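What follows is one chain in structure tokens, specifically the form predicted on its own.
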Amino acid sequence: MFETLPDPKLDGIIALMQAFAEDPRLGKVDLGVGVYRDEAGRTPVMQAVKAAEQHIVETQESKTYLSLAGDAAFLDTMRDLLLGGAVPASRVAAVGTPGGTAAVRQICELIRRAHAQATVWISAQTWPNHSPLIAAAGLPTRPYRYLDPESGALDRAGLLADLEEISAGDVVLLHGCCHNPTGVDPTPQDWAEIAALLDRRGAVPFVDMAYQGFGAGLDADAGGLRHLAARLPEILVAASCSKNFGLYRERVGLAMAIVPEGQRARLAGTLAGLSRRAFAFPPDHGGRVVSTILGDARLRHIWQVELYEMRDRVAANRRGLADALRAETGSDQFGFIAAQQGMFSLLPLSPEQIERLRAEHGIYMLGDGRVNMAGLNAQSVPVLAQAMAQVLR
């Protein structure tokens, strides 16, 4: 029966990984894959993670199933990390998921079950997997303007104008911080205006939080989510621990619904039922690592120091690239790179220029110009700047 299946279209990021691996050049630069890398190009295991894993190995006495929701300590500590007490626990229902990707998908399934006619609004530039995940749940999407390509900043007026078109019951997908792929985040005032608009229009925010701690700091990065939670009756959240705990392969995620008092049990049961039909019990090891770190003051301090060192290295790469491009091009047209946050930026390059960077210089990035700033180091920053200056001439 399988001969009827069409040939699958290779995912753009996977295709880029494959092409990079097959490139024999020694000086090649990978700016496509969205993982943190240190100055030596490695994705290290954090020391806090190693210590937590050692503790788990020494003390864990069973590998039996937990509840469909997952480890209660993981859910509680992640709720506190994300919300910081912005709403009482009695309004929060959550389940563990196999990574942030599954969290997004489960939230989409929850939307479909609650309101199948809802349109999910997504920023015009967004994580490539958002649209397929939403479509797989059978939900329609509409874009809203986000990035101003001229300034490399938020298109505030365009965003607010587009969201004025949303209908009651629609869902607006927002990146909690360190927007992927633009690196452009709303200010606290922008978040306040977005919250007021959604409240007035009767729409539900869906916050994807994948990079908490990689921007202004753990609490500041959650400021927009916490403002929405304090202002609006219903919030949907998908969170990932891949980046800020370095637990990529452990697949640690969380799907959360913030609802009015008295509705928590219904949402918790619905989320658990959706998990049962998709993957049953969520993986436990990575979540237990997170709860062990967050529940221990010493390990939490070690983790936060490590996290901020990663954040600061990415920020230094941003400043270094902006400075190098200024020197190479004689203009400040790329100054926005230093002002943005998180691991990603969109470089204003044409597909032809991006192909020249790959073919002539061994520099790999996605076709839309998305680059992983954590993939740079002191040696590759000037290489990229010189190569960009050449293809831009």
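Computed from a prediction, not measured in an experiment: that's the story for all the values here. Counting begins at 1, following the sequence as shown.
Not pictured, yet referred to below: the form predicted together with a small molecule.
For the chain shown alone, D185 is not a contact residue for the small molecule in the model of the complex, no non-hydrogen atom being within 4.5 angstroms. At the 4.5 Å threshold, heavy atoms of G224 stay clear of the small molecule in the model of the complex, well away from it.
By the criterion of a heavy atom within 4.5 Å, D170 is excluded from the residues contacting the small molecule in the model of the complex. Residue contact with the small molecule in the model of the complex: Q212 places no heavy atom within 4.5 Å of it. Although the small molecule is omitted here, in the model of the complex none of S345, R356 and H361 has a heavy atom within 4.5 Å of it.
This chain lacks the partner; the member of R105, R288, H175, R318 within 4.5 angstroms of the small molecule in the model of the complex by a non-hydrogen atom is H175. Among S275, T292, N244, N180, the residue placing a heavy atom within 4.5 Å of the small molecule in the model of the complex is N180.
Of the stretches 116 to 124, 255 to 263, 82 to 90, 95 to 103, only 95 to 103 has residues with a heavy atom within 4.5 Å of the small molecule in the model of the complex.
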